[in-house]
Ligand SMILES: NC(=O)c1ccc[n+]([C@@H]2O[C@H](COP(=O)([O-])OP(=O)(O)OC[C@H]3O[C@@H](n4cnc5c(N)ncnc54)[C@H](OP(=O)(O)O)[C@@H]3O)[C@@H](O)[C@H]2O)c1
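In the form predicted on its own, a lone chain appears below as structure tokens.
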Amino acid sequence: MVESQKYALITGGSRGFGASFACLLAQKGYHLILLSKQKKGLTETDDQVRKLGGNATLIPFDLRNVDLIDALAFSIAERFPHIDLLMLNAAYLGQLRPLTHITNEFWDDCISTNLTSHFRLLRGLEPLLKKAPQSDLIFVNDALAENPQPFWGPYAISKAGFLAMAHIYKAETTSVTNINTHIFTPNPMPTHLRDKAMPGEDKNALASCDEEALRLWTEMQNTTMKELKKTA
């Protein structure tokens, strides 16, 4: 791998918001490292990236397998010299039902995918983020983390923990590392997860994934410019 190349790893990079942001980054010159359990979706995103003149490394991986993530991070570190951008985006909906009706399996799957897996990935990949001249870490938030609703039990709970993790990590590292931490809450988009949660919803009333990807990129650039002015 080329030392001067920029590398971006995206969880949930096979479709929806993750795929849209991957395509945008491909146009910015990043090599994409796309992680998802959806093998077909990964291939489709790879096709889009290649049409845009970019390149991607595909990692079919189920984030529910949290005990394998340390080994995964080690294998990534063996292959790539650094990571310039890490986007923690993958999410699992689980069951929409009263909290005490949630099965053990769906509770564990939700907490593992939305919270524990991203903690372990961040811990394992932080050395690669620190090796980049300047790196970006993106936590993709959900409004339910701050405003939980009935029947969204483990999903909202796991995303609230995810948001707390984002704020804690940002507070611990902003002034002492080269890592810029971003917490981004997309507007409602026509993603697979939302379609499962709200079937029949008018998708024309939702923001497009491409629009939200561009909004995230713009916010990242504005944040970077503000930080540069502070240190000038």
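Don't overthink the numbering: it's just position in the shown sequence, from 1. Here the structure is a predicted model, which is why all the values come from computation and not from measurement.
The following text describes the form predicted together with the named molecule, which does not appear among the structures shown.
Mapping the unseen interface onto this chain, P186 counts among the residues with a heavy atom inside 4.5 Å of the named molecule in the model of the complex. At a distance threshold of 4.5 angstroms between non-hydrogen atoms, F17 is in contact with the named molecule in the model of the complex. Using a 4.5 Å cutoff between non-hydrogen atoms, L86 does not count as a contact of the named molecule in the model of the complex.
Taking non-hydrogen atoms only, R120 never approaches the named molecule to within 4.5 angstroms in the model of the complex. Screening 23-31, 172-180, 63-71, 50-58 for residues having heavy atoms within 4.5 Å of the named molecule in the model of the complex returns a single hit, 63-71. Residues from 78-112 that approach the named molecule in the model of the complex with a non-hydrogen atom closer than or equal to 4.5 Å are N89, A90, A91, Y92, in the order they occur in the chain.
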